[in-house]
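Next up, structure tokens for two forms of one chain, structure 1 and then structure 2.
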Structure 1
Amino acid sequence: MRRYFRRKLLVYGLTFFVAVTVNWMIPRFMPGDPVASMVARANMTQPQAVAAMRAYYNDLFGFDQPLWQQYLSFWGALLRGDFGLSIWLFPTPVGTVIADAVPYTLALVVPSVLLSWVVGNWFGAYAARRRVLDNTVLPIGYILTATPYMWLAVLLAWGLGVVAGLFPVAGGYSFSMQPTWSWAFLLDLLHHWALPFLSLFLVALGGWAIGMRNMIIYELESDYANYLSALGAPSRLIRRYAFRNAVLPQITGLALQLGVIVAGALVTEIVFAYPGLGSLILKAIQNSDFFLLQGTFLFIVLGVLIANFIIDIVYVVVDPRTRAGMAGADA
């Protein structure tokens, strides 16, 4: 078990290192001059202003220092929690801007991921080997997984928001309200949260249902299932054993899908103008706020790594073989 965790932590540490290095490298080694393009986008005509801005950016990136020193100071700033200043919301530090947006993204992603995983697995396990259900769950599942997140979000916003008028289609809360801890505000928050949550939930649901259905069918064909049914065990019991085995790959699948889910959350937030990291990224791109973009990137990578580690711990708890260092430990 210790070996298992040591390996995982090594991978995650290396990943974080690579992500930070990529983040440092891209502005420096990309073709073209990022400083020139940032200055150009500011649309200034006075040569003194251009020169001043150029000097400011060069100083900010530390382009006048040798490369290794730039790299070390980049890490130093990072470890002090200094991501630079946002250009879009000048002079707010990037860290603060991100910290304000993260609760919204988490409130959207965590429930939708967990619920879609649980409900999807349940659906898939129930539908497997039941002809009528299988014939409906399977096509719906494939359509849902193939749906781009933003398209389902747009459809829901249009159908339930604009046409039916049941839900608001923009923002995290009504503009007429101030964020307070009152019931009215919480209710309003929930009202705005419902549609983005639903669209994230639905798209992810299809994939889990299909995965679980396939795993259950695979397990029901295995020797232990055949043996149990030959002994005359009730099919409920056999299904329960099959489910416990089939859940393991689904847990690994959850870890693998995190990147896709986060990507889906980002575009869903953009559709609903939900004030999370997705909207932040949109604003950063529209305003060429590269510090904000890079800060958000690191934050997303960090979040995915932490989530991966939590899933690893859950896996150890659920699968006793990893604890004994037996087969399945490499999964």
Structure 2
Amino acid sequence: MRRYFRRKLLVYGLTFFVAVTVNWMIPRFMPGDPVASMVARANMTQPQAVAAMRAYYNDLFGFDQPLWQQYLSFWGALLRGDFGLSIWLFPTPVGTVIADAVPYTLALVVPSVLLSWVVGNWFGAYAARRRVLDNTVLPIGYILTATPYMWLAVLLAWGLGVVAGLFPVAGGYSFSMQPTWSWAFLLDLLHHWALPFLSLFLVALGGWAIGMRNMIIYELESDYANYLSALGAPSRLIRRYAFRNAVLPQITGLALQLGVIVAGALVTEIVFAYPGLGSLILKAIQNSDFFLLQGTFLFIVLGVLIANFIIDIVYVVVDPRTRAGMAGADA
């Protein structure tokens, strides 16, 4: 088992190195001049003042250095925990800007991923044994899983927000309120959180329900299920074994779909102007903020890698065959 985890850590370490390198490259090959945008915001017109300001910012951010030196400086700062200064919100550190947005994104992604996985698997397993429910869950599931996140978000914002007036369609909380630890503010946060969460939850729910429904039917028609039925085993026992075997591919699917779900969350935040990492990415692109873009992508990469590693550990815990295989390999 130790060899297995060492190999996994090596794979995740190499993945992190490549992802961080690509993360550093993407902003620098994007069109736009971040220093020019900062000079434009300063409303300077005198050529000497503009030249002095450009020289100051180039020296401050290291844009006048060769690319290889910028790359090495980036890794050195990263190992020190320094993500640089935000160009868009200069001179606020990137870490501070990301720390303000991370709770909003986590509040969307974590509940939507976990609840859609649990509820979707439960509905799929139940629909596989009920024809009436199967005839309704399966078509709805196909529609939901084929629906783009942003399209469903727009529909929910229009239907439940604009037309029905039940939920706000923008922001993380009302502009008239100040962030405080009070029930009024928490309820207002929940009110703004409902539609972005619902759009992520519904799209993911359909995929998990369809996957579990198909896996349960496959397991119930397998040889071991027929053998247990011939021996007179209770139907509840057979379904329990079928569910335990069917949930394993769903755990693997969770690891594979995690990046897609996070990407959907970022797009959904932009639709609802929700103050999470998705909105930060949009602002960073609009203002050519290299450091904010790098820091946001880095946090997302780290989050996805850590979540996948946790899912790998959970898979080993719930599947005894994996543990037996690792024990045999170590021997």
Partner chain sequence: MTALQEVTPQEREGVRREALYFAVRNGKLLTGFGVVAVLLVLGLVGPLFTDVPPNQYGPRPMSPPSAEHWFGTTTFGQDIFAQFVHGLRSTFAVGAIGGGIAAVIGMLVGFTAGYRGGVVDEVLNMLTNVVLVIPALAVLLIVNAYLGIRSVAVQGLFIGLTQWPWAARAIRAQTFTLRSREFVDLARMSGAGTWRIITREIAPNMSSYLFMTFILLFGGSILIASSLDFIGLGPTDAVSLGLMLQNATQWSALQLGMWWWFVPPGAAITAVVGALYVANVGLDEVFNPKLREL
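These numbers come from a predicted model, not from an experiment. Sequence positions of structure 1, starting at 1, serve as the residue numbers. We call the rigid core whatever largest set of C-alpha positions still superposes within 1.5 Å between the two forms.
A.B. asks: Which of these two chains, shown alone, is the form predicted alone?
C.D. replies: Structure 2 is the matching one, since it is the form predicted alone.
A.B. asks: So, does Asn23 move by 2 Å or more at the CA between structure 1 and structure 2, with the core held fixed?
C.D. replies: Comparing forms between structure 1 and structure 2, the Asn23 CA shifts at least 2 Å.
A.B. asks: After superposition on the rigid core, does the Cα atom of Leu72 shift by at least 2 Å between structure 1 and structure 2?
C.D. replies: The answer is yes, as the C-alpha of Leu72 shifts between structure 1 and structure 2 by 2 Å or more after core alignment.
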